[in-house]
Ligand code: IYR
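In the form predicted on its own, a lone chain appears below as structure tokens.
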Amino acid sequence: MSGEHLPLTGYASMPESEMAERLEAFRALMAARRTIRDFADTPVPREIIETAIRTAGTAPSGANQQPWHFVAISDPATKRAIREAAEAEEREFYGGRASDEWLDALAPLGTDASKPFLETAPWLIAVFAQRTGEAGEKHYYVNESVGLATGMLITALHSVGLGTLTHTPAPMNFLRDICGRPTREKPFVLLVVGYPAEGCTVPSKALQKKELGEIATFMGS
């Protein structure tokens, strides 16, 4: 085996009963997570966002190339510019770009082209996927890697009581321009982050999650 290897650490053995208890507590925590669209303007300390991004940066990635970059935005002028650009794309989407089938699927969520949360929420995190490295080297399994990191970011934020919204207007090239990122990076998702507004509600459809038998198959004992 080539390359330097170090002893594995961080995996503490524990009784199966404790494993089950911890996992159930974590499952219950994550089962309460919901995508929200009504955010309070309550500030969130930068160090909280920094730690959440550092957590996302521990995600597995193809060849450990870590093909991601996170731009955390709290500046009001930048958030306004993002809102204006995103709403322009959304008006095109709802005004004819989206198929009737797609719009029917979105209808229960009550979404439209207006995105005030892009200014109200204290933080926006633009996630970029790096198709190549700084020296031009090809990155592998980019979307899979960045998707895993984004999932860990959402999980970290939810674990401290912060709400999130994964916003994906299409196309999203305006994010690269506003955030000053290089052309080798592709906007992956815009994550809206903050505390839920007082009286925040979610569509009843958001509470309907598939049962284990619908999402998993076990082969063997």
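Numbering starts at 1 and follows the sequence shown. From a predicted model like this one, the values you see are computed outputs, not experimental measurements.
Same protein, other form: the form predicted together with this ligand, not shown, and the subject of what follows.
Only one of E84, D112, D75, E119 lies close to this ligand in the predicted bound form, with a heavy atom inside 4.5 Å, and it is D112. Shown alone, this chain has one stretch from 164-172, 151-159, 24-32, 178-186 that lies within 4.5 Å of this ligand in the predicted bound form by heavy atoms: 164-172. In the predicted bound form, this ligand sits within 4.5 Å of a heavy atom belonging to W102. Residue contact check for A88: none of its heavy atoms lie within 4.5 Å of this ligand in the predicted bound form.
At the 4.5 Å threshold, heavy atoms of L106 reach this ligand in the predicted bound form.
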